[in-house]
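Below, in structure tokens: the form predicted on its own, a single chain.
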């Protein structure tokens, strides 16, 4: 027997919401999904009238849904925002070049300006070239660090006020678990923040309108709305540490659907005992980007690549920062530890 929509009680339900368990028709699901994001934006005061907002666009489901919903809500509630799309080309043949074609179609569909910045343009390296040098073990570290800074640099070029990213509830919960497993107190303290802003030079505030949106519901929204998005996983990410946290979270969700929100709330209410030393944020001596060390992670990774010592930015090598800044050569023993391993 067909199940009626539990909201309007008029149309036939087409899905059961993973987040709440409610049976809804398409229209009621669209409305509920969009309204929850609207409430998230309003309750956290994420955006202000007149601001220019860059939407981080990768062509994937999260950023595509974010761009669509932000455009809908901007018009429905008259946010008064100037929206545009900002993409990063990491230089991954057979993956990013294809996904950027999707972003270009999204630009036409949503009638939003698009800016693409590339690793090659900013750093002189592509991810294909980086993987050839470092292998498939720590490549995600390079990509994550470079992409974060590339988004900021692109946003500065566009002179935007805020950056909106497509991080969803699953992403945030995974990050909480990863930081717990790594014992990274500093990141654990700030990873659940819905809006992050730093006082460093050129640091543009970021926000996550999809913070409480389940990944499954984002997929359902994109499917029923027939949105155009790219669904292939990155060819270099199978060994990513995040994958283990994701698999664990999916197991938890299958037993208890509220686990995702529960993990996020645990991270939000975390308190650090007095006396725990936390890193002090400053700026990189070389590029001026925000950093808690003399050199930011991006500059250290880049220095390692340019010197043929890719392990320089992996792990804790802060004692070498002084030598790098002074352009001093490393000892033979130091170089041996940082040389790439044959894969």
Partner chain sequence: MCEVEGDYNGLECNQKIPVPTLNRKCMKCKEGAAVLIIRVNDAFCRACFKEYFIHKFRAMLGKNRVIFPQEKGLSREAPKKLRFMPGIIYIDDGGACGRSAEERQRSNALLKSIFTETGFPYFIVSLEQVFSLPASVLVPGTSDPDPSNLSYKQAVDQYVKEKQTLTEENVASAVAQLSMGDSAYSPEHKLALERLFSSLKTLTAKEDMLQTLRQHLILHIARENGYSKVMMGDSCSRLAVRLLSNIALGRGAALASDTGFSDPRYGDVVIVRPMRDYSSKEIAFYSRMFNVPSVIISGLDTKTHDKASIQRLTESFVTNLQSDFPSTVSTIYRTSEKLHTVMPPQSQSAEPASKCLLCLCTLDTKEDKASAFHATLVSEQLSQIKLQDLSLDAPGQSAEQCCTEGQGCGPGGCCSSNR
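Positions refer to the first chain, counted from 1. As the structure is a prediction and not an experimental result, all values here were calculated from the model.
Same protein, other form: the form predicted together with the partner chain, not shown, and the subject of what follows.
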task = Report the stretch among 94-102, 117-125, 251-259, 162-170 that approaches the partner chain in the predicted bound form to within 4.5 Å, counting heavy atoms only.
result = 251-259
message = For a quick test of understanding: in the predicted bound form, does each of 17, 32 and 225 have a heavy atom within 4.5 Å of the partner chain?
response = yes
inquiry  = Under a 4.5 Å heavy atom criterion, is residue 287 part of the interface with the partner chain in the predicted bound form?
reply    = no
query = Is residue 129 close enough to the partner chain in the predicted bound form to count, meaning some heavy atom within 4.5 Å?
reply = no
ask   = Counting only non-hydrogen atoms and a 4.5 angstroms cut-off, does residue 233 reach the partner chain in the predicted bound form?
value = no
query = Does the partner chain get within 4.5 angstroms of any non-hydrogen atom of residue 297 in the predicted bound form?
reply = yes
note = If we test each of 220, 155, 88, 263 for a heavy atom within 4.5 Å of the partner chain in the predicted bound form, the one that passes is 263
query = Since the partner is left out here, which residues of 122-150 would have a heavy atom within 4.5 Å of the partner chain in the predicted bound form?
reply = 137, 138
